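Next up: a single chain in structure tokens, the form predicted alone.
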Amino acid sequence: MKDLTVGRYLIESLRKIGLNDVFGIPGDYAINFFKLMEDEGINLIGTCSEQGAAFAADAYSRMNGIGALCVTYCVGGLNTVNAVAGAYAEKAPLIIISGAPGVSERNSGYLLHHMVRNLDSQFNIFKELTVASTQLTDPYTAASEIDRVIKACLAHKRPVYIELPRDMVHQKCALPLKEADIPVYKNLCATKEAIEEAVQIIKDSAKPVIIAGVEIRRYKLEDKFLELLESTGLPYATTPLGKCVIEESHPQFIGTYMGKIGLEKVRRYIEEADSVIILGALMTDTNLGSAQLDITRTIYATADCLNIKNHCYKDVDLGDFIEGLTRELKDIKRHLIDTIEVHEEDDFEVISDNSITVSRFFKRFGKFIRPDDAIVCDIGDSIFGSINLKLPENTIYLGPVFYTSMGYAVPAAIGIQIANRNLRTIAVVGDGAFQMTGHEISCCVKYGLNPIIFILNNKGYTTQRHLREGSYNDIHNWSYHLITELVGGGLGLEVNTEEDLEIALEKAQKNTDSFTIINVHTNKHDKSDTLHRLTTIFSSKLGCSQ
């Protein structure tokens, strides 16, 4: 039997929670652990940058339930900070493993390469971005620390940080004396009272409605949520971050709610309801779009809190609350509403010589999506133009709607396909975001991946342009479709007109052997209706006039 070492215990701990893929880039402080992972059969996904690895691991975690990346000390780890911050903000469970100077090196008196202020600088930074962190400096406690941190990641659905000094990788360690325990407090009395109060409000309502958020997916509550819907007949909307938590083909689905930013019919339906049940949603400006909800008519339940009108209940489990609503409301099922009144489907007829516009692109894009596709959209009109599409059954939709970091979509598409190579994965990304992380497309050639990537090319930062115009919003135009020549693979296509788009879609559909990149030229001042509403609201906050 192999000796139990700190490195081996960490690898086995990853495997126990379903992780056999690790994203990252080696360095001398991490290379011993990289070698051990390779020897132990871990599938290592090397990306072009550490930020790309973190974005890919984030998307992988949203697909798989947890993800992992491994980097070297400071010059690697600090490159992941932005992406890890996004994972924390949007509740993506992610394990960050970083190499570090050896324990035996720490008192040498020398400044060690990659150091910043002191040897703990990176560790202290990651404390702000994670729900648990550890430095594995003691082989006697290392296994217990690994267990504690990983359990925190699974419990809270947020990133954790493990710092592994390079001379600890092969240090023998002991199994934990006892299993790590993450206390879960459930107040049964508070749960009972909250369910009773919520049920009475819903029963007294003539027009109740549900808003579903991302925590329904993060905590694997889809089945419980679906049972609530089908037992009660209540109509529901999702937030942008919670889009596709269950199938949008469901007859009770009314659309994506974004407050003033979203579709007027959906906004009016939600805000005119006499009770609004919000389940698992993050209350953020971009996620709920400056929502105008009356707190006296609102039931708001998440994994962290439960508020009913002005009452606050603590330690109420979100899943238990949903189950309780289902149990108490199933005997008063309401008639299904006609959701067609709220959500209208548009037909699309090609006008061959027309220059492609953002709105026309997304109308056609909606028809291109098939059941079981995975869609990942970068921030800007990539998200705002697609957010109101009613997607077919079993579609997966990802996008950084709350944290809104540019550069997510291309590495995320890689993470999605590493998690499930059978998924047809489609990414939509702006040209500005592509210039930040688009070089990760090289990984598609390296690992035989075949996503379809649309670049909305309007020569600049569209959202910022419509907040305050200036030359700082212009970027240098690339021939994005020619990147295939640089990376040695893929199919590159260019689109200027609606006819060009039809030809490109047909070719992309047939190309299953490699990635397809489609350079879609649009006017630099063009934008979706959703982005127009968002920039109008944000401009007023900035004191700008559009």
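Numbers follow the displayed sequence, beginning with 1. Not measured: the values here are computed from a predicted model.
Omitted here: the form predicted together with a further copy of the same chain. The next part is about that form.
Next item on the list: Let me know the one among 111, 351, 184, 188 whose heavy atoms come within 4.5 Å of a further copy of the same chain in the predicted complex, would you?
Entry: Partner contact (heavy atom, 4.5 Å) among the options: 111.
Checklist line | Option touching a further copy of the same chain, based on a heavy atom within 4.5 Å in the predicted complex, out of 323, 393, 193, 285 | finding: Only one option qualifies, and that one is 285.
Check: So, in the predicted complex, is residue 11 in contact with a further copy of the same chain at a 4.5 angstroms heavy atom limit?
Finding: Residue-level check for residue 11: no, no contact with a further copy of the same chain.
Check: Even though a further copy of the same chain is not shown here, does residue 152 get within 4.5 Å of it in the predicted complex, heavy atoms only?
Finding: No, residue 152 stays farther than 4.5 Å from a further copy of the same chain in the predicted complex.
Item checked: residue 470: touches a further copy of the same chain in the predicted complex, heavy atom cutoff 4.5 angstroms -> Close contact exists here: in the predicted complex, residue 470 approaches a further copy of the same chain to within 4.5 Å, heavy atoms only.
Note to self: Even though the partner isn't displayed, in the predicted complex is residue 404 close enough to a further copy of the same chain, meaning a heavy atom within 4.5 Å?
What the structure shows: Because a heavy atom of residue 404 falls inside 4.5 Å of a further copy of the same chain in the predicted complex, the answer is yes.
Next item on the list: Give a yes or no on whether every one of 44, 130 and 487 sits within 4.5 angstroms of a further copy of the same chain in the predicted complex by heavy atom.
Entry: Yes: each residue has a heavy atom within 4.5 Å of the partner.
Note to self: Given the stretches 365 to 373, 263 to 271, 111 to 119, 208 to 216, which is the single one in contact with a further copy of the same chain in the predicted complex, using a heavy atom cutoff of 4.5 Å?
What the structure shows: Contact-bearing stretch, as computed: 111 to 119.
Notebook entry, point to check: Is any part of 473 to 492 within 4.5 angstroms of a further copy of the same chain in the predicted complex by a non-hydrogen atom, and which residues would that be?
Noted result: If the 4.5 Å heavy-atom criterion is applied to a further copy of the same chain in the predicted complex, 473 to 492 yields 473, 474, 475, 476, 477, 478, 479, 480, 482, 483, 485, 486, 487.
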